[in-house]
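Below sits a lone chain in structure tokens, taken as the form predicted alone.
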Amino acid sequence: MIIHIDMDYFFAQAEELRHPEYTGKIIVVCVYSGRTPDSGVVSTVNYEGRRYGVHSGMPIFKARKRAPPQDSVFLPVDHEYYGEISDRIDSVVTEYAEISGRTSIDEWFIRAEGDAEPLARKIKQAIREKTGITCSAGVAPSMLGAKMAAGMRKPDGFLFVDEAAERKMIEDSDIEKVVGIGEKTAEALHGLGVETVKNLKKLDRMLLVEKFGKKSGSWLIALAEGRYGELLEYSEGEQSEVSRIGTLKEKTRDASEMLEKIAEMEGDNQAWLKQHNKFFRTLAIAFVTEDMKNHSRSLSFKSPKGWTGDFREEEMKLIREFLAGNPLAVRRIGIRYANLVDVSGQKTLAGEL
């Protein structure tokens, strides 16, 4: 069975955690463009704000019109702070789960070899006790089913579905609510008379391939046939990079200490590349200096690199390059692989863990 852990309105909840004085208020976390005081978009909003129709992706000026000013707080995103909390949650997950993967800053998948339901409940409770953050958890035979199950019980919810219940849940789902199917694809499917996943079964398989292309069409065919173990994210939203970031034991300018920390983390990146049959063209090192500012140095390779490579020489070069141009000590450091290349020859979607 697969467990999906999905943090509830993560950025806004993280702000509630460090600002208890905002309890009960509408918290809107925004990406400000800087062009005007209200230019930019909403990144995350808590449930108090959603009751007023404020949602992610909404222009900030529109959100201000909907949210009562006396009951609202608008804050800029703080990726450094959210990353620290995500790392704490990841430590909790890995403490309880032998096989797990963090797929974004606020989501985890876990393969449960034994009884999945008590394990999921235990992890959910431990996250709340150790971090103060709530999450929703879904348990199902496939990653797609587990993710959809968690989404159906937000916030702070839990849903377990066996194989029969998973099939019914997915088949009865509105097509636009299937994880990863984008607005354009849903619109095109509606044009073919598809309102629910069950309706996909009525369509000719060749029509799906002709309409959506070989890769995406094959994905939709698998969905129609109930082969959920092959599915997770639709190809439109395929992951373009994989990264990890961690806190050093103490702030430092010692390049060897930084390289050692990188070595601890890049194994996770390389395991992800192997699991998803990906190579990469760009290697980047992220630095958070003692003044809490973010920096990065990167290099690109002419040919894609795989998960078995030794990149210590390149990593040390980037670290020294950064130190030569910045006099401050480094507090946190990260490793990122980008410009990913699919080397499976057939998969366009994330496979099972």
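Quick caveat, the model's predicted, so the values are computed rather than measured. Note that residue numbering begins at 1 and tracks the sequence as displayed.
Form predicted in complex with ligand TTP: not shown, discussed below.
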* Candidate spot E266, T282 and N339, all three in 4.5 Å heavy atom range of ligand TTP in the predicted bound form? -> no
* Consider M7 of the chain shown here, and say whether it contacts ligand TTP in the predicted bound form, taking contact as heavy atoms within 4.5 Å. => yes
* Contact label in the predicted bound form: S56 to ligand TTP, heavy atom within 4.5 Å -> yes
* Asked: F61 near ligand TTP in the predicted bound form, any heavy atom under 4.5 Å?
  -> no
* **4.5 Å heavy atom contact, H276 to ligand TTP in the predicted bound form** => no
* Counting only heavy atoms and a 4.5 Å cutoff, which of 47-55, 311-319, 298-306, 285-293 contacts ligand TTP in the predicted bound form? -> 47-55
* **Partner-contacting position among R253, K211, R111, K154 - heavy atom within 4.5 Å of ligand TTP in the predicted bound form** => K154
